[in-house]
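First structure 1, then structure 2: two forms of the same chain, each alone, as structure tokens.
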Structure 1
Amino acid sequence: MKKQKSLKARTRVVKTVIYIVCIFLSLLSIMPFYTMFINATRGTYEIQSNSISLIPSTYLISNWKVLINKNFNPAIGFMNSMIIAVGATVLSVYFSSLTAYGLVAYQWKWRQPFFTFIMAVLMIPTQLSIIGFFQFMYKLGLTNKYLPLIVPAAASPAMVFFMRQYLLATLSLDIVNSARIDGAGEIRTFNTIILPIMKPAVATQAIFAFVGSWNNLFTPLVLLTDRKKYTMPIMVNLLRGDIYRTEYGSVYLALSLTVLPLFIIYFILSRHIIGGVALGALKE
């Protein structure tokens, strides 16, 4: 009896420790971003006298004006990032689903070798082919164009793999066959029947594709030299310039604006996103 009591007491102590650690880690996630958003509304003098504050101030508009005066236009970066991220997301989701469907629904001679090929290239460190990629695009006159940042997304091996696993678990070929009897073509069957079936997988993968494209710094940094074409992450790199050295509030505001869409997406869809990460783990 006594032993059971002490075990219960120990469980309670450990549980308290767990909650303290979890709350600490949650604060650790929030604090840097909280400081960023708060300081985005504070004036440079305020930040210089005390850079920690829990309450927002009233300098948001003047910070914005400083950015605009220094030729830092977040609206342009936002539009550019949006075009690229949406384009890349649509292409990657559509063609990954199509390829996965081709791998699951049809019996063809090269099916297994093709799948093995996708598995083999799944983990190729693509960033290391940047020199060849840049030279190739330069020769084609495609630097400072969005095409090289969007079209490659149509070949996303990891997403094909995920979509294939999803289709294997959910697709029944009876549906396909009855569509055929109704006289639907293969492409129409895919667009009108299969894609809607894949909606949950498509939604999850679309979020990750969008976020991945939005966050990409490396390829745009190499390919885009025209200021008007800059994406949000490259604009972060601009903040390094001397003209921003003393503009603390404006720098925090600029940083906040580069990630604002991500925070909005995350707080609307966080459950789906976390579910997607978990699903990815199980689909190996």
Structure 2
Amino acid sequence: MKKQKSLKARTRVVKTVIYIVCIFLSLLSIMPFYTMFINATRGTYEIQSNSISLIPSTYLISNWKVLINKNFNPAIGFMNSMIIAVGATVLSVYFSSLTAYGLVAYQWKWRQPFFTFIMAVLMIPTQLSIIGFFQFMYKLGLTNKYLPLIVPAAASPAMVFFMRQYLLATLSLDIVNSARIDGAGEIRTFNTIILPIMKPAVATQAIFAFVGSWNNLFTPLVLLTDRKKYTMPIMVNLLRGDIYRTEYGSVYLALSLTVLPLFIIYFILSRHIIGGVALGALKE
């Protein structure tokens, strides 16, 4: 009895410590976003004189007026960023999943060299190819258009690697063979059988792809020169003011508006991730 009581006491202590650590880490991860939202309600002088505050201030409306006076149009920025981010996310998730399915479900001679080539492309930084990419898009007349920011996302080596590893662990080729025997085509098999199996992986990669495309500043800044097609990161980047004064309150307000869609996308897709983890835990 004494041993059981001591064991239960130790278990409670361990659980308490785990809870405390998890709560501390959660607060630590939330704090930067909370500080950003608080600074969106503060004035520039308050931010510069007292850098940290946990209480909202009264400068939210004035910060909003500063944004409007600086030709910051959140509606246009949201629309442009949403078109690019949604298009790039859909293409990258679908075609990366399709490529991973081809690497797992089919036996062909060049399968492993092809996968090695994809991993080699992953090692090439975007900055090294941006000059050639811009010249190519300029010759095609695709500058100041959304297509160069959406279509190349279909080739995502990192996502192909992730999807391939997920299929290797979860996909049974017997299911694919059964679908073929029943007369289902390859595209129909992929759309109706494989994609539902990959739902947790698709949700996870969709979050990363959307966040990466939404926060992308470098490539849109190079390709877009028309103000009507600026994305939210470009608009925020232009809020630096002159050399004498920068309205930090308005900058924080613009950043807060920028991250709101990211929270929404995460909350929508996170339940699929949690559901996939729970389903995997129950499988025999």
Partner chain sequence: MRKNGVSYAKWGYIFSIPFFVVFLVFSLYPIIYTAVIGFTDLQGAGRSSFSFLDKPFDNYRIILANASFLQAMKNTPIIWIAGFIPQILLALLLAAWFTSRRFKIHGQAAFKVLIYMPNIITAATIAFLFRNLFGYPKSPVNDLAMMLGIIDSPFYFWLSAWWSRGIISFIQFWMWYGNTMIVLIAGVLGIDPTLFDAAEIDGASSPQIFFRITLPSLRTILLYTLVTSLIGGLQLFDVPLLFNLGGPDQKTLTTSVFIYNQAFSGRYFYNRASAASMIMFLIIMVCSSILFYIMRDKDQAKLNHERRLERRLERKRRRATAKGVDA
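Numbering for residues begins at 1 and runs along the sequence of structure 1. Heads up, when I say rigid core I mean the largest set of C-alphas that superpose within 1.5 Å between the two forms. In this text the structure is predicted, and so the values were computed from the model without any measurement.
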Exercise. Which of the two shown corresponds to the form predicted alone?
Worked result: 2
Exercise. For T219, is the CA shift between structures 1 and 2 at least 2 Å following rigid-core superposition?
Worked result: no
Problem set entry | Is_shifted M232 between structures 1 and 2 (CA, 2 Å cut-off, rigid core) | no
For this session: Using a rigid core alignment, state whether the CA of N71 is displaced by 2 Å or more between structures 1 and 2.
Result: yes
Problem set entry | Distance the CA of I61 travels between structures 1 and 2 [rigid core superposed, Å] | 4.4
Seminar exercise, completed: When only the core is superposed, I23 shows a C-alpha shift between structures 1 and 2 in angstrom of 8.4
